[in-house]
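Okay, here we've got a single chain as structure tokens, the form predicted on its own, with questions on binding and movement later.
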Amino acid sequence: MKAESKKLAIFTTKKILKLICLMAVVSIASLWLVDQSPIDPVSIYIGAMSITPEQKAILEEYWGVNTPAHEKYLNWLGNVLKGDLGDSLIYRMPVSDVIKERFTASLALMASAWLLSGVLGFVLGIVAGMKNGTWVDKIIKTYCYILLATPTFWLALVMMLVFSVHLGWFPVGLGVPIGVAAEEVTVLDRLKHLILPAIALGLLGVAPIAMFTREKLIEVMSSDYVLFAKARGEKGFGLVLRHGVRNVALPAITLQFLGFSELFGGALLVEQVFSYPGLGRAAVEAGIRSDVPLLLGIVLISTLFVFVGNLIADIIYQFVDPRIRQQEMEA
């Protein structure tokens, strides 16, 4: 027991150190890219307004235009260690408040898409594996290949043109109706604005799950113990449910958690197309307008989000295959 506890402590410590290093590298890279950008945030902020050179100098000081990149980062890091992510230069409010508001919207979008892609992909994979070599299998594989070759933003645009513009079944964009006070927005209103972006994002995650599940099910159904079960008289969906689904479910769930990074990247594009007020859209605005505190805050949250997804996948996979757990502990 003591040996297992020691290995678990070492495993946990390594994961925490990896997370800290990852956050440091990603935040430094993000700040460097913003600093190298030719975009002048003050000019974008001013727009067509006419101001004096003195007023512009005050804005440049507030924006930190002339502050060296390493000094910006050290100041930001010192505040983060104190629990302060700073104030957004665009929204004129604490970065933590902006992230909290936007992340809630993004989480609803990504959770809906994640469940849709997981359930639909798993079902299609099971059906394709059961009907291996038939016309049903060929149709599902062709559908998956088309999805794998489809850009996220293109699918989102097509769905918006068809279902919002031409058919009028869903709102064209945004997260709530235009001109409605926040306290008057109902859950149904939010769902209407969420459905189409969630479907657009979720459909693109169907193909990897379906193809993986199909291959694993075919492999399982060709194993010796399944052949023995067939010899005992088991057949049809009962055979697949008893011996196939149980063996492919956890690996499929593991793959689903490993797709957190693709899910977050896809959400960024979908939010842009539908003007959905999520974290991805805020990240684009922060990058374009050089809002360094907001951008770095979003980088930290998104990095933590993806890391947690991968960590959950590692833990699940270790339960599936104890040999992996032993290798991870000893590494």
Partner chain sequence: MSTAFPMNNKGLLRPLNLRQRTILLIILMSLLVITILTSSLYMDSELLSTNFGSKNLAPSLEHPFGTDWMGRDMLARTLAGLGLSIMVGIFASTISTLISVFLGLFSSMGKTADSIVSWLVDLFLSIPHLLLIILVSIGLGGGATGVIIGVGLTHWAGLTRVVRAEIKQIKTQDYIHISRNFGKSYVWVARKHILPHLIPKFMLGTILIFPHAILHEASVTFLGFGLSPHEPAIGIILSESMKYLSAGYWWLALFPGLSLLIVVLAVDILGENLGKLMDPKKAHE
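Note that the coordinates shown come from a computational prediction; the quantities given were computed from them, not determined experimentally. Positions refer to the first chain, counted from 1.
What follows is about the form predicted together with its partner chain, which we do not show.
Taking the partner from the other structure, its partner chain in the predicted bound form has no heavy atom within 4.5 Å of any heavy atom of residue 58.
Although the partner is absent here, residue 315 lies well away from its partner chain in the predicted bound form, with no heavy atom inside 4.5 Å. At the 4.5 Å threshold, heavy atoms of residue 222 stay clear of its partner chain in the predicted bound form, well away from it.
Put simply, residue 149 is close to its partner chain in the predicted bound form: some heavy atom of it is within 4.5 Å. Relative to its partner chain in the predicted bound form, residues 28, 91 and 294 are all farther than 4.5 Å at every heavy atom. Listed stretches are 80-88, 119-127, 97-105, 151-159; the contact stretch with its partner chain in the predicted bound form is 151-159, by a heavy atom cutoff of 4.5 Å.
With the partner omitted here, the residue from 16, 311, 22, 9 that has a non-hydrogen atom within 4.5 angstroms of its partner chain in the predicted bound form is 22. Using a 4.5 Å cut-off on any heavy atom, the residues of 282-297 that reach its partner chain in the predicted bound form are, in sequence order, 283, 284, 287, 288, 295.
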